[in-house]
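A single chain comes next, written as structure tokens; it is the form predicted alone.
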Amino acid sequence: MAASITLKKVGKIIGGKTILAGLSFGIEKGSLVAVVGLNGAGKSTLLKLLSGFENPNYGQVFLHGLDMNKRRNETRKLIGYVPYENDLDPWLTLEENILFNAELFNVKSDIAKKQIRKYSTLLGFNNQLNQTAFKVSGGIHKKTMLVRSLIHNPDILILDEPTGYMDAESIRLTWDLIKDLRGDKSIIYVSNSLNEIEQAHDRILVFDNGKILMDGHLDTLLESTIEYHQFQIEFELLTDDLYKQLKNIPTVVSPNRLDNTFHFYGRTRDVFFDVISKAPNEKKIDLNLKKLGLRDLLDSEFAGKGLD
């Protein structure tokens, strides 16, 4: 599949500190790509660079094969960008904020208003369009910024915390829209919600110190980087003596307890039977083999370089 975004040895230095270090990768057309990492890893800087709000100190960024530095006017039209910070004009209405962007991209007023009604209805804030921006919540700001980013029908969406400040229903509506746009548009986003990322991605880029540590679908990353299974056994009574016996089983990794529940990892499913055999006469209330998730992947990478 053709690349929508291509980076070639891209670097960004701010205040003498390397924020992005020689990045080279591509984003396929129509894909949904999540960027995750610790604070200060370079995630938001990457999005600003891809949106054209920052320039790299070295390297090249291509959108649909066009060099962003040399073809700025053409590439800017390809991008819809939602920044982390609220940048709406507080004294304009929500609709006026969006229409101002429409004028910048020469979108006809009647077409723009039709698009505003469509997307604001899908996002559940159509009845607030005439309110001034300073009177509405942070979640409504984010929705407005998302509609504004879509007003010129860009091919690429760059979203920094797209559901920031939103309640549960607003988050659901926003992701329904984003998932519907996937395929028609290439979407790259940053989110601190690991659950959102697990549920909505074709690919995850794991960042640390301006570099990509891992790149792929979550299932692939888990298979290639973590050999473990995650177990939970709830006993009717988990005594201190029993807990000590169980956590000292050689095949048990990273054991811990919560009340009467024994939680541990193991490299194979056989570890489960090693634990059960140590407590054959103890009543068990619940047994659970859990699928590892993004939190386990990040904990393995950042919180000790492995579960051992």
Partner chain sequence: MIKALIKRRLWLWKNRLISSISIAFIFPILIILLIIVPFKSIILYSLSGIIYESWVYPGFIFLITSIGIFPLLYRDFFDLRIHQKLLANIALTPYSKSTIIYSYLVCAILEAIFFGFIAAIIYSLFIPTNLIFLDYSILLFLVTLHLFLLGNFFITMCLSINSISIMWIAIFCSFIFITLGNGFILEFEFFPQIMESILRYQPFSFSYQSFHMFLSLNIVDWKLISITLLIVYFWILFNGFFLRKKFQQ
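Positions refer to the first chain, counted from 1. In this text the structure is predicted, and so the values were computed from the model without any measurement.
This next part talks about the form predicted together with its partner chain, which is not shown.
- Query: Any idea which of 202 to 210, 117 to 125, 181 to 189, 67 to 75 reaches within 4.5 Å of its partner chain in the model of the complex, heavy atoms considered?
  - Reply: Heavy-atom contact with the partner occurs in 67 to 75.
- Query: Are all three residues Lys12, Asn55 and Glu96 in contact with its partner chain in the model of the complex, where contact means a non-hydrogen atom within 4.5 Å?
  - Reply: Every residue of the candidate spot has a heavy atom within 4.5 Å of its partner chain in the model of the complex.
- Contact flag, Lys142 vs its partner chain in the model of the complex, heavy atom cut 4.5 Å: Heavy-atom contact with its partner chain at 4.5 Å: absent for Lys142.
- Would you check, heavy atoms only and a 4.5 Å threshold, whether Asn86 touches its partner chain in the model of the complex? Looking in the model of the complex, residue contacts with its partner chain include Asn86, since a heavy atom lies within 4.5 Å.
- Query: Wondering, does Leu92 line up within 4.5 Å of its partner chain in the model of the complex on heavy atoms?
  - Reply: Within the cut-off, so yes.
- Message: Leu104 versus its partner chain, in the model of the complex: is there a non-hydrogen atom within 4.5 Å?
- Response: Leu104: yes, in contact with its partner chain in the model of the complex.
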